[in-house]
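Just the one chain here, laid out as structure tokens, in the form predicted on its own.
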């Protein structure tokens, strides 16, 4: 019998579990219960057990999960047991920050190219990675087996860049451009709009301030 396919919401939680397990292993924690994982992640113990059950049985009843064993299994499930090659298109402030972070802090990826349309940026380096002209993308992708791209280009340039990347074999895109992209069904796009996230956060701050003001008035 084939295993039930995990929903996207579950897939998005797996990297959270992996990050927690990395931290636990650094703290020399060898075994943790689902309740302990709940305390670390904020998800319920039941939710965690259900999520992991999509992929197999990894824990021991009454004991919990061996952190190193579960980490290794999650890495294989996600596809992080080998480095994933990716390119970054757009070497402005955000593109440079993402490149620097992934080179220094993300051991699961290998950035094989950073590209920008600005001639003044081309030739400079970010943590040893030379910024190349956006015109060099086809040559690099033809030589490298790359399926993943991050784009941090202006909104008006995003669709053209994405169309070109897809024609060259890119099938997964992390989009930081503040615009909706039109892509074939086989291509996965995750949008990371920092402005929307910040504005949503501000809403909650304003709501809290309103509640505090109303509370003072009632007193």
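Residue numbers count along the first chain shown, from 1. Since we're looking at a predicted model, the values are computed, not measured. For clarity, a rigid core is taken as the largest C-alpha set superposing within 1.5 Å between two forms.
Beyond what is shown, the protein has a form predicted together with another copy of the chain; the following relates to that form.
Using a 4.5 Å heavy atom cut-off, indicate which stretch of 44-52, 28-36, 61-69, 165-173 touches another copy of the chain in the model of the complex.
Correct option: 165-173.
State yes or no: in the model of the complex, is some non-hydrogen atom of residue 190 no more than 4.5 angstroms from a non-hydrogen atom of another copy of the chain?
Taking the distances in the model of the complex, the answer for residue 190 is yes, it comes within 4.5 Å of another copy of the chain.
Does residue 84 reach another copy of the chain in the model of the complex if we count a contact as any heavy atom within 4.5 Å?
Contact with another copy of the chain, yes.
Quick check on residue 73: any heavy atom within 4.5 Å of another copy of the chain in the model of the complex?
Looking in the model of the complex, residue contacts with another copy of the chain do not include residue 73, since no heavy atom lies within 4.5 Å.
Consider residue 24 of the chain shown here, and say whether it contacts another copy of the chain in the model of the complex, taking contact as heavy atoms within 4.5 Å.
Flag for residue 24 set to no.
Neighbours of another copy of the chain in the model of the complex among 10-31 [non-hydrogen atom within 4.5 angstroms]
Going through 10-31 in order - heavy atoms within 4.5 Å of another copy of the chain in the model of the complex - the hits are 11, 12, 15, 16, 18, 19.
Quick one: core overlaid, is residue 19 moving 2 Å or more at the Cα between this form and the one not shown?
It does not reach a 2 Å shift.
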